[in-house]
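Next up is one chain by itself, shown in structure tokens, the form predicted alone.
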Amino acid sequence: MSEPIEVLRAENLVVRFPVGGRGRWIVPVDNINLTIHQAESVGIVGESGSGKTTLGRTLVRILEPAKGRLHWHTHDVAHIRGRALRHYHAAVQMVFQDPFASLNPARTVFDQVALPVRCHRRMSGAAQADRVESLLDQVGLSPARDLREKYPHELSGGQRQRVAIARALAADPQIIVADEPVSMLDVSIRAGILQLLTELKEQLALSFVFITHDLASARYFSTRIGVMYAGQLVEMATAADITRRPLHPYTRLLMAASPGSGMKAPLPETTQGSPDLSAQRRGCPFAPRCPLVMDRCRQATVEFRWLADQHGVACLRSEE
């Protein structure tokens, strides 16, 4: 088998925001290393506040990292500007969580999708109109002529998200970062959106970064799954391996909290406090909640390391 083609690689990526003045920072993305290959989907899971969305926005370069490198093919795009950034934005698109918020309520469906066609594909007139209708048909909004002049408030939630996906496809991207793309939708239509994304990945050889708190969705759609906590990647493996053999205590708690896990008793975490994102923290960020915590977990720097079968984890007790 040929080696997978690497399209995007984050090296020691750090994003930080100032809080409270006096040189205080929070670090929602803390030394992340992540590689995305062609035509694969990488799921990023974790609870609210774990840094998933901040990581996604940084990969798209909506946010600029404070440290680290972001390699798109052979180019470091971590700090590019101007025309180079615009070219990168065409190649790496984002689908946001709430389609009603991400779509302009004052613009028709046609206008929403035509803008990136005009800006990135340099199309106008009949060619532009044909391209827009083709994109709408591609995402299951048929017949396109009946929907193109409607406004977002006239569409269902599932239809709005399909418009957002069509808009992302308009620039002919290589990667789509999908941030909780089904969490705002009714359960009955989530499967349809996930099936659409799967078909697009296969037909167009697209790569996906699939951000979600739902392990079931991540397992269904993703080739590999990375688990984030407090801005750090604490575990990474194939979707099958990480759900069958989770090594990090946080991953195990996520699995136990998922519907259908069979867990009846309260989760064995020592506290339910939110993750500490401060730059001044020490030791393992999960130590305050970990049921397996040791004294050195609170002090020692826990390195992410790769074990057998492409399974990586950041835990001092992972091999027990």
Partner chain sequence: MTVITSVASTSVDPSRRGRTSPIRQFFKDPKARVGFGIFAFFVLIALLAPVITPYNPQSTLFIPLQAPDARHWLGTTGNGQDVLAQFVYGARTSLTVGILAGLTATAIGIVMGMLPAYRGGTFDLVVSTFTNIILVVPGLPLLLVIGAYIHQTGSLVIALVIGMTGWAWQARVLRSQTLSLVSRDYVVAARLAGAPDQHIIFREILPNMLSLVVAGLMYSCLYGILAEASLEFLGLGNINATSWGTMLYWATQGAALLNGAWWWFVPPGLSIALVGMGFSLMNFAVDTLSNPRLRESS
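All figures in this text were calculated on a predicted structure; none of them were measured in a lab. Numbering follows the first chain given and starts at 1.
What comes next is about the form predicted in complex with its partner chain, which is not displayed.
Asks: For the interface check, one of 233-241, 206-214, 89-97, 185-193 should have non-hydrogen atoms within 4.5 Å of its partner chain in the predicted bound form; which one?
Replies: Only one stretch passes the 4.5 Å heavy-atom test: 89-97.
Asks: Give a yes or no on whether each residue among V60, R118 and E154 has a heavy atom within 4.5 Å of its partner chain in the predicted bound form.
Replies: All of them do, each having a heavy atom within 4.5 Å of the partner.
Asks: Do P143 and its partner chain come within 4.5 Å of each other in the predicted bound form, heavy atoms counted?
Replies: Contact check for P143: no, nothing within 4.5 Å of its partner chain in the predicted bound form.
Asks: Any chance R219 has a heavy atom within 4.5 Å of its partner chain in the predicted bound form?
Replies: No, R219 stays farther than 4.5 Å from its partner chain in the predicted bound form.
Asks: Would you please decide whether A84 lies within 4.5 angstroms of its partner chain in the predicted bound form, comparing each non-hydrogen atom pair?
Replies: Residue-level check for A84: no, no contact with its partner chain.
Asks: Is there a heavy atom of N104 lying 4.5 Å or less from a heavy atom of its partner chain in the predicted bound form?
Replies: Result yes; N104 sits at the interface with its partner chain in the predicted bound form.
Asks: Work out which of H248, R167, R148, R224 lies within 4.5 Å of its partner chain in the predicted bound form, going by heavy atoms.
Replies: Exactly one listed residue reaches within 4.5 Å, namely R167.
Asks: Pull the contact list for 23-37: residues with a heavy atom within 4.5 Å of its partner chain in the predicted bound form, in sequence order.
Replies: Nothing in this stretch is in contact.
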